[in-house]
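Single chain ahead, written as C-alpha cells, the form predicted on its own.
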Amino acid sequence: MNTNHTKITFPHNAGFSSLQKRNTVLITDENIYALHSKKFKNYQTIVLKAGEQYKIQPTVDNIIEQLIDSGANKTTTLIGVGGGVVTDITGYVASIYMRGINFGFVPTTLLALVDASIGGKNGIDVGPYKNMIGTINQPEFILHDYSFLTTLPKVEWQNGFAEIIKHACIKDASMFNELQSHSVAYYQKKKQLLYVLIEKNAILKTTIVAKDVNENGERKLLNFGHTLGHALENQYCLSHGHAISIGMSFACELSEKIWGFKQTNSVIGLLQQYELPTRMSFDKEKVFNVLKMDKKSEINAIKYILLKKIGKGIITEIDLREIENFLASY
C-alpha cells in the first residue's frame, strides 16, 4: 500500500466539512442518509438501498449512470459514507469509472472503522459468492467521524466486535485479554477507550496491509473465520459479523485437529461474551460448494487461516477433501 496516498485520521467528530464540494460526489445508503441528513447538505449525493443484497452489479450500473448524467469526470472524487457495503461499492465504482478516479471513505459502522474501509479491497457479490468481482485500489483518505456511532444499531456493534476479536486472535493476545475483561456495553459507555480500541485495530490492519497489499502472504491472516463465514453469509442472510463468528469457531476446532490448538473454549467464550453466535445448522454440501470457490482456494486445496495460539494465526494449506470431511462431521 502506498501510504503516501492513504491517510487515516482519527478526529472524534471531524465530519467531512473540509472536503471540497466542487467535483465531489458522496455515496451513502438510505439508512445513513435518513439519520444524518444534515451532514449531506449542499453535497451531490447518491443514495443507495441499504443491505448486502444490493452489493451487486445493477447497483454499480445505476451509480455509473448517475455519474454520467451529472457530468462526473476524471477530476471528480467519490466519497463513500457508510458501512462496508457502501465503501466496497464506492471503491469499486471509483476504480472502474473512466478507468479510475479518486475516492475516499467516511466509515460509519464499527466494522467499517476497524476493518472494511481499510486495505483497498473493493467489490461486489455474485449470488452467494462474496466479493467475487472487484479490485485492490487504495482510497486517498479514510476519515474517522465517531459521531456516526451514536445511531448504530445493536447488530452493528456485534458485527464490529467480531472483526476486533478476529484481529486479537491472529495478532494481539494482549488485546484478547483486554476484551475478556469488558463487554459491548462497557465500550459504549467508555467512549475514549472505544476510540483507542478502534485506532489500535485500524493501525493493526493498516500495518499488515502495508506489508502485503496484494495478499500474497501475511495479509491472508485477516481472513481468519472468513472462509466458512463467507460461504454462510449470503446463503443464510446472516450479518457479516455473525457469519464470521461462526467461521472463527469452526476454524478454532480445525486448528485443534491440525495444530493442537488448546484455546478453543476461550475464543468461543469471548465471542459469546460479545453476543455473537458460534454455531448454526446448515446444509453442509451447499456450503462446501460455495466454500471451495473461495478466493484463497487452489487446485484441490485451500489456504485456511488457523491458530497455533491466541495472538498467532497461521496460514495452512489443507486438502479440500479434508475440509469437506471435517465439515460433514462438524
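What you are looking at is a predicted structure, and each value in this text was computed from that prediction instead of being measured. Start at 1 with the first residue shown and count on from there.
Absent from the display: the form predicted together with a small molecule. The rest refers to it.
Contact with the small molecule in the predicted bound form, judged by any heavy atom within 4.5 Å, is made by just one of Leu111, Leu254, Ile142, Met248: Leu111. Note on the partner interface in the predicted bound form: the residue among Leu238, Leu179, Leu152, Leu204 having a heavy atom within 4.5 angstroms of the small molecule is Leu152. Partner contact region in the predicted bound form: 77-85, out of 77-85, 220-228, 118-126, 195-203, criterion any non-hydrogen atom within 4.5 Å of the small molecule.
Taking non-hydrogen atoms only, Asn31 approaches the small molecule to within 4.5 angstroms in the predicted bound form. In the predicted bound form, the small molecule stays beyond 4.5 Å of every heavy atom belonging to Val287.
The closest heavy atom approach of Phe148 to the small molecule in the predicted bound form falls within 4.5 Å. Within this chain, Lys303 is remote from the site of the small molecule in the predicted bound form, having no heavy atom within 4.5 Å. Proximity of Leu35, Ala50 and Glu156 to the small molecule in the predicted bound form is complete: all three residues have a non-hydrogen atom within 4.5 angstroms.
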